[in-house]
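A single chain comes next, written as structure tokens; it is the form predicted on its own.
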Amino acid sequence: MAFEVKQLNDALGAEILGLDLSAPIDDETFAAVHRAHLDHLVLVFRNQSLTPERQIEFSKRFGPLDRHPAEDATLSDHPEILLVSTRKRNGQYIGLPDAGPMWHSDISYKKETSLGSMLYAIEVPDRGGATGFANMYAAYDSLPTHLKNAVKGRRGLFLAGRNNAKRDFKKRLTEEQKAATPPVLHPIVRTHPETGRKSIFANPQHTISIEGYDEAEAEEILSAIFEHCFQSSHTYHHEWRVGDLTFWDNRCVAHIADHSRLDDTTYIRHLHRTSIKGDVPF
């Protein structure tokens, strides 16, 4: 099943043209998609028409699925699908309206982190709501030597953003959900298990300190690293269209959502997210 790969940005990202994901794909086609994902880090499949079952099925080709701790923000009868949504029912958000307000890697706060995420656009606003993606390979490769030395061999303390009292979210975790996601230690710089390349894994939303440094030192180092990571030369910003399925590699990509219109009552952004389980970073 032939398809075309069109690069979207010098930093990362490619559009996949001519592939209909509503039907199963053969092993040869899947291998080519997998290769494109490793090469471009973010894939955009346009004009898709996916049932929840089909999104789950395609996601599972890459590995077992993970679940977000906010199980009350998932699709009824399909707990594998997180609702990234500003829709309300009886005055309450049905999903996470403010998912990803800071640069982050999905589920980086668990012991076993995420391989990748798939986000499928069902309803998007006429303006606003873009998602930014950052190439964390490139960020590491170009990181100044003094910062590389500062975090060499160091682990960061990761905590779910919604679990952090210092962060403000419209939908917070319950006490039970918080208890299920305690802080974990992961390398600041991780090695990709498939490509062998190094990337920055720390991120502003979920990384709160660095092992071996006091709070002020850690904050200074992390701030400098993040300022470097998210400069425009490392990023691509995706403007959503209905029917887009975007698949990114959480092991070497950070992302952020534009929530500048979140308090506008006319603003509707409704997407389905699946997350493929990864491994323990090293």
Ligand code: SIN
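The first residue of the sequence shown is number 1, and the count goes up from there. Keep in mind that this is a model prediction, so the values were computed, not measured.
The same protein has a further form, the form predicted in complex with this ligand, not shown here; the description that follows concerns it.
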item: In the model of the complex, segment of 33-41, 225-233, 58-66, 250-258 with a heavy atom within 4.5 Å of this ligand; value: 250-258
item: Listed residue (Ser114, Ser209, Thr131, Thr74) with a non-hydrogen atom within 4.5 angstroms of this ligand in the model of the complex; value: Thr131
item: Listed residue (Ile200, Ile81, Val84, Ala160) with a non-hydrogen atom within 4.5 angstroms of this ligand in the model of the complex; value: Val84
item: Contact label in the model of the complex: Lys110 to this ligand, heavy atom within 4.5 Å; value: no
item: Close approach of His104 to this ligand in the model of the complex, 4.5 Å, heavy atom; value: yes
item: Proximity of His272 to this ligand in the model of the complex, heavy atoms at 4.5 Å; value: no
item: Gly100: touches this ligand in the model of the complex, heavy atom cutoff 4.5 angstroms; value: yes
